[in-house]
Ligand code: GLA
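Encoded as structure tokens, the following chain is the form predicted on its own, with no partner shown.
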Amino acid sequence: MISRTPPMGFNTWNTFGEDINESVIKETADAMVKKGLLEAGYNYLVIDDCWSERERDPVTCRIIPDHIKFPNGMKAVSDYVHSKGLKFGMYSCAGTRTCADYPGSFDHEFLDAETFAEYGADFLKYDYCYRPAHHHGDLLYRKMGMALKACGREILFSACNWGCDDVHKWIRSTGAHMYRSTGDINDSFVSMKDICFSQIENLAFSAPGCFNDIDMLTIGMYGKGNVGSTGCDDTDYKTQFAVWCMYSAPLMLGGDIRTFSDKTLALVTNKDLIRINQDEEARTAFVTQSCIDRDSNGENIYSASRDKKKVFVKLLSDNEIAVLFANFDDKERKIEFFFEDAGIPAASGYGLDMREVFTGEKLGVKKEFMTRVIPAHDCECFICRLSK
């Protein structure tokens, strides 16, 4: 049965793009197990675009694997991935061609779903390029949703239409288990911040069974790979991972797992952050902070900087609460948190007993109002309990 918490795994696109082959997939599968990622919950290994021949088989009309990249066929690759205790993921597109100009699944949905099932696929990422203009997204994704229902195998349906067509309003009805709500990420702090901010108003549309997918993580890429850009540092990646966890977003790694450093591994296997992401109630965060700056006389002023610092609150099971202070500015900022904004008025007598998840620091019980001074691009994340 497909889990009702956000999917976790690895997707080839960010690092490898079209440079995928049987060896790369096997080496990645080995690394996911050896480096403890499977044990931490990352169980899907997904092959993205560019895996097939440029045209369908002229006799069977099936999409067929590239005979040079995958000389033993896709079933052999799937079997290897499964032998490691992992789940195997494939890629196709709702249009006539994929985004990299390989055969898409338009009008071949049931045949392709049957093919993926024969390969032993457990996951299908379904993109949105080259679609006929008169076909709307809800119909295209509904057709593949039905095809997957008919294929005889349980396959997680990852809809990837980049947030087009008000997807959050109808995607759950197609049978999708997760849906891309943004354009493609690149390996920069600006890209990560823009994606984070773009979905604040849509967080409530994510829930068990169909999660808001804000794209693959770029953690550990440092400017390398297929999505290029300036690259990020470890502080940037720390904030990225914390935000994805607070959003209950799928955690699909995109960096080259084979070369992950100990620091990168420590971040993406942080048990508290994964617990926040994988909480059984699968609630998403809400933004509570009311940022204020002060002028030279100490008077309160409102400024554009308030859009660069956020406080996210997420209700967890077992009466726990997660709180994230995130500074998206390029300089250090003081971030204010009014407990009233989170539904904890001073008159209640309650506060939050707070423990920071990166350092383990225990703050004790805080009430009514608090501030944290957060360096540029950095964050602090707390697991809390209501307490008097």
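Treat the numbers as computed from the prediction; the structure is a model and nothing was measured. Residue positions are given as counts along the sequence shown, with the first one as 1.
Beyond what is shown, the protein has a form predicted in complex with alpha-D-galactopyranose; the following relates to that form.
Segments offered: 42-50, 358-366, 339-347, 323-331. Contacting alpha-D-galactopyranose in the predicted complex at heavy atom distances within 4.5 Å is 42-50. Between the options C99, I274, L203, A282, the residue in contact with alpha-D-galactopyranose in the predicted complex by a heavy atom within 4.5 angstroms is C99. Proximity to alpha-D-galactopyranose in the predicted complex, defined as a heavy atom within 4.5 Å, singles out one entry of L124, C196, M246, M216, which is M216. For Y91, a non-hydrogen atom is located within 4.5 Å of alpha-D-galactopyranose in the predicted complex, even though that partner is not displayed. Shown alone here, D184 lies within 4.5 Å of alpha-D-galactopyranose in the predicted complex, counting heavy atoms only. Taking the partner from elsewhere, H177 is found to have every heavy atom lying beyond 4.5 Å of alpha-D-galactopyranose in the predicted complex. Among residues of the shown chain, M252 is not one whose heavy atoms approach alpha-D-galactopyranose to within 4.5 Å in the predicted complex. Taking a 4.5 Å heavy atom cutoff to alpha-D-galactopyranose in the predicted complex, the one contacting residue in 1-34 is W13.
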